[in-house]
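The chain that follows stands alone, in the form predicted alone, written as structure tokens.
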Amino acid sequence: MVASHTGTQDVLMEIRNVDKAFGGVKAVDDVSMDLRAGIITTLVGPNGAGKTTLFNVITGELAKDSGSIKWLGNPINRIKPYQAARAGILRTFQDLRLFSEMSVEDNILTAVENNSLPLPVGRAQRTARLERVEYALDRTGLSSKRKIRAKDLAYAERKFLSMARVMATEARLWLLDEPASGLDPNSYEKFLEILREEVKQGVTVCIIEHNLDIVIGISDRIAFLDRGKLLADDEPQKVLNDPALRAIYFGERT
């Protein structure tokens, strides 16, 4: 298990009093939390808790109703998805959103070109980006599949391609929406190994996950959402051992 942290790491993202409602339902309700550098924070909670909505608000997929978000100390309250990506904040989606007719290699290269800071077009820049593609292919075990279309990959390989697209951009913050769902045991272990290694290299991760084995195995910190509200944000054992939170998680609320 990843070692617990005390919360003393540098804060990369400050989320304060964020609200997002759909009609009369508050999907995110006055949420305040920090995403700290160099650790894995896991968002947990029952279905409909607001986890994906919070990701959408952070990256500008949805406009929040109120509250503030700061990235590296700077407000990003009206950020658009492409601006978030170029600022070093990238995410995956439950539906993967791959270019199904494009090759594995081109899927990754497109992510690098679209989500990196604008750079002069030159040999050095092109070489650097190709090196990032090669790194991502190698780390995710997709090198031999580079010319295969995304739609022809096995399910687990498509999951790793989604991760490779983020990995190749050198994003500083990864927001991963159930990236390990449906993986077989071997792929699951490979996923955990990749994630741990990238965190060692300086990546910060916030991950939405329902599988308790993954939550226990990967989390440095856990944030528990329910009905849009943040009920806990603490070290894993403190959250997982709370009987009230466990009852909510397993659908046993009174």
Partner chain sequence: MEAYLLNLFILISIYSILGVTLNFIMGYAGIYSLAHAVFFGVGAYAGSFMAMHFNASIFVTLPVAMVAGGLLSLILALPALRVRGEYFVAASLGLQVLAVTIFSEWKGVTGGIGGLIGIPPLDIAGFEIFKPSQFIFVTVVALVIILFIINRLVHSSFGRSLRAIRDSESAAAAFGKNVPLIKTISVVISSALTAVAGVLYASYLSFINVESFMLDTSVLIMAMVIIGGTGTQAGPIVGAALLLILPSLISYLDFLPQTEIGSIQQIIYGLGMALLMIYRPGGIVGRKKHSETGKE
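Residue numbers count along the first chain shown, from 1. Predicted model, so just to flag it, every value in this text is computed and none were measured.
The form predicted in complex with its partner chain exists for this protein as well; it is not shown, and the discussion that follows is about that form.
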| property | result |
| --- | --- |
| Partner-proximal stretch of 68-76, 135-143, 176-184, 86-94 relative to its partner chain in the predicted bound form, 4.5 angstroms, heavy atom | 86-94 |
| Contact flag, Met102 vs its partner chain in the predicted bound form, heavy atom cut 4.5 Å | yes |
| Contact flag, Lys159 vs its partner chain in the predicted bound form, heavy atom cut 4.5 Å | no |
| 4.5 Å heavy atom contact, Glu131 to its partner chain in the predicted bound form | no |
| Close approach of Gln125 to its partner chain in the predicted bound form, 4.5 Å, heavy atom | no |
| Residues from 50-89 in contact with its partner chain (non-hydrogen atom within 4.5 Å) in the predicted bound form | Glu61, Pro81, Tyr82, Ala85, Arg86 |
